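Only one chain comes next, encoded as structure tokens, the form predicted alone.
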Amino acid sequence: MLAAVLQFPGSNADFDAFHTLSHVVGVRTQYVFHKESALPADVDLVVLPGGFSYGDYLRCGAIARFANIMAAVRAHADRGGLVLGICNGFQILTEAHLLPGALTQNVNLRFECRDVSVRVEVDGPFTQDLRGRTLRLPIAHAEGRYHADAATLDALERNRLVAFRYVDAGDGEAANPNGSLHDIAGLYGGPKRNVLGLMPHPERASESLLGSVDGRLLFQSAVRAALAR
């Protein structure tokens, strides 16, 4: 199996994703620069990491959607290949219309950096056998409020594409850290739920040294899904 971690100007969680995939999960992994026009021929999983691509100018992810590599990412997703967008990567996927809706400013207008609890809502390539489980994952964003029109929200719920929802952790903090509609923390998309975007950082909760291994479950699930294909 081969995973590719994209690098945009301003990416800052690319190393975290590479480390988790390569050294924690044990997957052959390589970086792909935003100026490239093609992904590796045998790639199974493409990761759009967190950070501040292109300085978050205009809107988060708005410039990255035009990067050379994004045409190849779209083609990979259209073929049913696995695509994971984390935080800024989620923002890029919505800007590129690989996922519906948009990520907007947190309702409190503050940068939120803390652990949150999310409930796995559906099974899919990244959440096999995890439905109903609550995971503890870190967030670090100022524009993580998921927004979509009523028709889109209805379709997401009806088609069971909401992958993660913020839930109360019982620690006194607000369950929903950014005001996301329907408490949405992550979404599935693509022809076979092969595209996943989420605001929390699973790569930063994949080793016991970091305080949680819940995030590792998503990567292990993706590996099983890729090998099954």
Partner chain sequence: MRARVYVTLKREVLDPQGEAVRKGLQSLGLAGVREVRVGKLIELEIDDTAGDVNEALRVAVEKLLVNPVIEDGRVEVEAAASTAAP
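For clarity, every value in this text was computed on a predicted model and none was experimentally measured. Positions refer to the first chain, counted from 1.
As for the form predicted in complex with its partner chain, it is not shown, yet the points below apply to it.
Which pick from K35, K192, R59, R28 sits with a heavy atom within 4.5 Å of its partner chain in the predicted bound form? It is R59 that has a heavy atom within 4.5 Å of the partner.
Single option in A102, A140, A77, L130 placed near its partner chain in the predicted bound form, where near means a heavy atom within 4.5 Å: After the contact test, the surviving option is A102.
Wondering, does H147 line up within 4.5 Å of its partner chain in the predicted bound form on heavy atoms? The answer is yes: H147 has a heavy atom within 4.5 Å of its partner chain.
With a 4.5 Å heavy atom cut-off, would you call S117 a contact of its partner chain in the predicted bound form? Residue-level check for S117: no, no contact with its partner chain.
Flag D123 as yes or no: does it have a non-hydrogen atom within 4.5 angstroms of any non-hydrogen atom of its partner chain in the predicted bound form? No, no contact at 4.5 Å.
Partner proximity in the predicted bound form: R65 to its partner chain, non-hydrogen atom cutoff 4.5 Å: Yes, R65 is a contact residue.
Choose one stretch from 132 to 140, 155 to 163, 94 to 102, 79 to 87: the one whose residues place a heavy atom within 4.5 angstroms of its partner chain in the predicted bound form. In short, 94 to 102.
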